[in-house]
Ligand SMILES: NC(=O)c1ccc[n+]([C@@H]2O[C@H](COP(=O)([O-])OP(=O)(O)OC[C@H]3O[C@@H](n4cnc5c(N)ncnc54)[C@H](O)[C@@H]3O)[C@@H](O)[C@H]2O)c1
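The form predicted alone is given below as one chain in structure tokens.
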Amino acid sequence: MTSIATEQTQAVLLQPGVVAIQQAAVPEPGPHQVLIEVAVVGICGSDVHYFDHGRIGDFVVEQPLVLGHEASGTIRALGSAVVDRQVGQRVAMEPQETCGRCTQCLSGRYNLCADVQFFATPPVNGAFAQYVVLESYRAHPVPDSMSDEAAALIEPLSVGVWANQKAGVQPGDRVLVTGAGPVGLVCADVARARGAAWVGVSDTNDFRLQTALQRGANQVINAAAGPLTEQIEPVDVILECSGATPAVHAAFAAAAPAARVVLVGMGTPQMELPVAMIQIKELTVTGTFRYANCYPAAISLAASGVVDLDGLVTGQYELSEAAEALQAAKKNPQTLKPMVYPGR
């Protein structure tokens, strides 16, 4: 590490609404870790929520926190035991560390590990920094043809891959995605890639609906125009990505008998669901929490051109402008994915 600086710059959330640019030591990789020079970081809704409110549910910012978990970069140093990665490799970062030994990890559901440490989730720092360390097998190499921006957005694409897997989307399905933010858009992309016969996207933001149409949705529905049941035929799969209670209830009403409903967006903790409808229609309802083992598939989808991740980028910000990036969506309803560049 002699050619790497000993100090780096970070954007640190000090309290809700306050981000400071600070100096910190460059971390040294542990035996199984790699040191990554961060190229670009996408702004996620969770970052915005921490910036605005200082908490998400039980996760509370009680000390200065580095935000950002949708990240890509280049490996600059290897831990002493790393043999599966090389210095100079460009990677998409899977921003988590799990124990690898619990029942959930051993069952392949490491996203449910009780000891997970996830970037930018208190008290774990994220990637609004020039350098981070990561377990080597969570640093996924990407092809040279993939942009740094697309490599960073493999993270939300993995959310879409996982949601579709949980729903069991298959050729011929009619799929409704509620919520046309970045996650909803990539959920629709993945559904089409899995052979869905019809993919509809609902939202109340006309720009996002037009974006969904341009990306290949068969139909877009403005939920403010009336009940979904009056605008579309019943669907086999619902991927609920908004977390908004009215959208959730409207989506259930649009479900065909035996439909699969996957709750992707984080809603209010005590949201009521239409239990009688679930029983009468024999609906299968499940939630999702991040993803597991999805990065290779997501990288393949993006590298092949099936999913356009670069098309989600709507703003570029330096690290010193991180607070502005976190407020971009409030100021401009046509914002999809602001990107922060720690190295600029």
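We number the residues from 1 along the sequence you see. Source: prediction; values computed, not measured.
What comes next is about the form predicted in complex with the named molecule, which does not appear here.
K.L.:
Please identify, from 32-40, 287-295, 274-282, 58-66, the stretch that has a heavy atom within 4.5 Å of the named molecule in the model of the complex.
P.N.:
Going by heavy atoms within 4.5 Å, the stretch is 287-295.
K.L.:
Is C102 close to the named molecule in the model of the complex, meaning a heavy atom pair under 4.5 Å apart or at it?
P.N.:
Close contact is absent here: in the model of the complex, C102 is far from the named molecule, nothing within 4.5 Å, heavy atoms only.
K.L.:
Answer for G195 alone: is it within 4.5 Å of the named molecule in the model of the complex, judged on heavy atom distances?
P.N.:
No.
K.L.:
Quick check on H140: any heavy atom within 4.5 Å of the named molecule in the model of the complex?
P.N.:
No, H140 is distant from the partner.
K.L.:
Evaluate C113 for contact with the named molecule in the model of the complex, applying a 4.5 angstroms cut-off between non-hydrogen atoms, and reply yes or no.
P.N.:
So C113 does not count as contacting the named molecule.
K.L.:
Which residue, A150, V159, I75, V82, is the contact with the named molecule in the model of the complex, using a 4.5 Å heavy atom cutoff?
P.N.:
Partner contact (heavy atom, 4.5 Å) among the options: V159.
K.L.:
So which of V133, M266, L213, A256 gets a non-hydrogen atom within 4.5 Å of the named molecule in the model of the complex?
P.N.:
Of the listed residues, the single hit is M266.
K.L.:
Residue by residue through 240-264, which ones have a non-hydrogen atom no more than 4.5 angstroms from the named molecule in the model of the complex?
P.N.:
Contacting residues: C241, S242, G243, A244, P246, A247, V264.
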